[in-house]
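Below you will find one chain, with nothing else, as structure tokens; this is the form predicted on its own, and questions on how it binds or moves follow later.
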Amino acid sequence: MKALFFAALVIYAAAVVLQFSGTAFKKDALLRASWYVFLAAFALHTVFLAARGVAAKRLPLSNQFEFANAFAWGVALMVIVLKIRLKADWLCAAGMPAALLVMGYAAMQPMEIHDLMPALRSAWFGVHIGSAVLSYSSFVIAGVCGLRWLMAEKKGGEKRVLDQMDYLGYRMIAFGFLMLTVVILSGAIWAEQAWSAFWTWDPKEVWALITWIIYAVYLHLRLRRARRGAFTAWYAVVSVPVVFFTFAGVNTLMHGLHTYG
């Protein structure tokens, strides 16, 4: 299975190189090749994810490697779906590298398959962690939209495209916020069953709440104060490091009940 994983990683990297080359030299043929190579990498990645689940006899989401792998898969899936549905070619230039970045982080984690620890053997396992994958992936795509908006606006991009980037970023944050709410609520119920407490002030819980508040402020400013354009684009971009810290930094720098995750 390691061969499958690293083959997908290398093909993702090839897609990113082709994407950068096509953008730099304005070659449509390279951009098309990048897209098909990215689809091939995603297909291989999906096969690996399924094989990992079959080998582990559970959802492959129980440790840092498995979550990072699913996180990268979620980002890639959203890039593909949104590009096809919205014809948002602009999403690939930053979306593909984002998927590769998370995949690269996964490659640095231990890949051994372990049995679930007792606290994770629950019906809430898939709901809680699956929602986190969708939430984090959505926030990353929102950051990608913000970054592309800033780049396009600087180059005098079309208003139609800028509006699409702005609105898509907002929709991704709204969806990610909903999924993060599910993460926190399902986690509280699960924690009460596993540890007899809805909230333990574990570092992961605290940073999940901080992330939730940050994006709640974004939605408040967007909906109540009608903030748009550069402000919300920058907000979406600078919020992504908080997501990555909640995802990886907490596990690396802080010891807690979620250290295994």
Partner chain sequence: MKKLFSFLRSMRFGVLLLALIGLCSVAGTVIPQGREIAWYAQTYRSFHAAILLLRLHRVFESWYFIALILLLCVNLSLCSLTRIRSVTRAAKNEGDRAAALPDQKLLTSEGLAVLRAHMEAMRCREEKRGGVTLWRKNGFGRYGTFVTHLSILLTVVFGALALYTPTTEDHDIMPGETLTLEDGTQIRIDSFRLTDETGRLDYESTAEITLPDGRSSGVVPIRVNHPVSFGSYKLFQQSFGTAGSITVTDLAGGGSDEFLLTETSFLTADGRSGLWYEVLYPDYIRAPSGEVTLITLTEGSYPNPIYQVLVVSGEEYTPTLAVPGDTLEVFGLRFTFNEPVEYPGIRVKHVSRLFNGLLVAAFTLMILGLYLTFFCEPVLVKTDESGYAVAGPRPERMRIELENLLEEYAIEAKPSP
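Residue numbers count along the first chain shown, from 1. Keep in mind it's a predicted model, so treat the numbers as computed, not measured.
One more form of this protein, predicted in complex with the partner chain, exists but is not displayed; see below.
Exactly one listed residue, out of 107, 150, 174, 93, brings a non-hydrogen atom to within 4.5 Å of the partner chain in the predicted complex: 174. In terms of contact with the partner chain in the predicted complex, the residue from 189, 88, 80, 113 that brings a heavy atom within 4.5 Å is 189. Highlighted residues 13, 27 and 51: none comes within 4.5 Å of the partner chain in the predicted complex, counting any heavy atom. In the predicted complex, the partner chain sits within 4.5 Å of a heavy atom of residue 220. Shown alone here, residue 121 lies within 4.5 Å of the partner chain in the predicted complex, counting heavy atoms only. Proximity of residue 234 to the partner chain in the predicted complex falls outside the 4.5 Å heavy atom cutoff. The closest non-hydrogen atom of residue 170 lies within 4.5 Å of the partner chain in the predicted complex. Residue heavy atoms within 4.5 Å of the partner chain in the predicted complex occur in exactly one stretch of 60-68, 43-51, 194-202, 28-36, and that stretch is 194-202. Legend note: Cα of residue 210 to Cα of residue 225 is at least 3 Å farther in the predicted complex than in the depicted form.
Closer approach of the C-alpha atoms of residue 225 and residue 164, by 3 angstroms or more, is seen in the predicted complex than in the present form.
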